[in-house]
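This document starts with one chain, in the form predicted on its own, laid out as C-alpha cells.
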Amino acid sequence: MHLIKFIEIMAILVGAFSGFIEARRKRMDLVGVFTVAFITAFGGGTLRDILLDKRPLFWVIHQEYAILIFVLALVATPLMRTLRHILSERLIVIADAIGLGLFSVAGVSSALDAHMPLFIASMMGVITGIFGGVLRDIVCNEVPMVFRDGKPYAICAFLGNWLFLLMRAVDLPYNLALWVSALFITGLRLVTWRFDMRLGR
C-alpha cells in the first residue's frame, strides 16, 4: 500500500506537470493553470472511483494531494512563463507517457482491491490512465490527444494492465509487477510516438 500511494503521488505530479505545460501554452492565468493541472491530475482517478462506487474520492481523503497541486500552481505559473520557449508538445507527450504508466497501474490495482473481474480491472486502469488527459485537452479547447494522433495510447495502457494481471496470476511480487507494468506502458507509448506508429490512418 505504501508503494501504490507513492506511485499515485508520482502520477499526480506528472499529470499536473502536463497540465501546467498545456495551460501555459494557452496563456492561461493562475486560476486557469491550477484548474487544468487539477483536472489532469485527478480526472482519471475521479472517474474510476465513481465507477467503482468508492466514496469519498481519493483526493478528498488525501486533501494533501489537492494542496500540493495548489502550491505547485503558484510556483509553476511564473516559472513556466520564464521557460515558455522550451515548452513543447514533446514535453507533454513524455509527461503523458509517464503519467499513463503510473496512473494505469494504480487504477488496475485499485480495481482489484475492489474485487472487480479481470477485464473490468484492466479497463479501470485504462480509464484512470487516459481520462485526465482527455479532460485537460477538452478544457483547453483541443481534440483529446488520445483521439487525434492515431497512435495506440489507450492500447498501451490496456496491454500494460494485462501484463500486470498476468504477473500477479503467476504470483510474481506485487511491487515488481507494478513497476514493470508502469515502465512497459510508458516505454511502449514513447516508442509508438517516436516511430510514428498509427492505428487505421
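Counting begins at 1, following the sequence as shown. Think of the rigid core as the biggest set of C-alphas that the two forms share within 1.5 Å after superposition. None of these values were measured; they are calculated from a predicted model.
Only in words, not in the display: the form predicted in complex with another copy of the chain, which the text now covers.
Using a 4.5 Å cutoff between non-hydrogen atoms, Gln63 counts as a contact of another copy of the chain in the predicted bound form. Contact annotation for Leu199: at least one heavy atom lies within 4.5 Å of another copy of the chain in the predicted bound form. Of the heavy atoms in Pro173, none are within 4.5 Å of another copy of the chain in the predicted bound form. For the chain shown alone, Met116 is a contact residue for another copy of the chain in the predicted bound form, at least one non-hydrogen atom being within 4.5 angstroms. Residues are counted as partner-facing when one of their heavy atoms sits within 4.5 Å of another copy of the chain in the predicted bound form; in 112-143 these are Met116, Pro117, Leu118, Phe119, Ile120, Met123, Met124, Phe131, Ile138, Val139, Cys140, Asn141, Glu142, Val143, in sequence order. Superposed on the core, the two forms differ at Leu72: its CA moves 2 Å or more between this form and the one not shown. After superposition on the rigid core, the Cα of Gln63 moves by 2 Å or more between this form and the one not shown. Superposition on the rigid core between this form and the one not shown places the CA atom of Val143 2 Å or more away from its counterpart.
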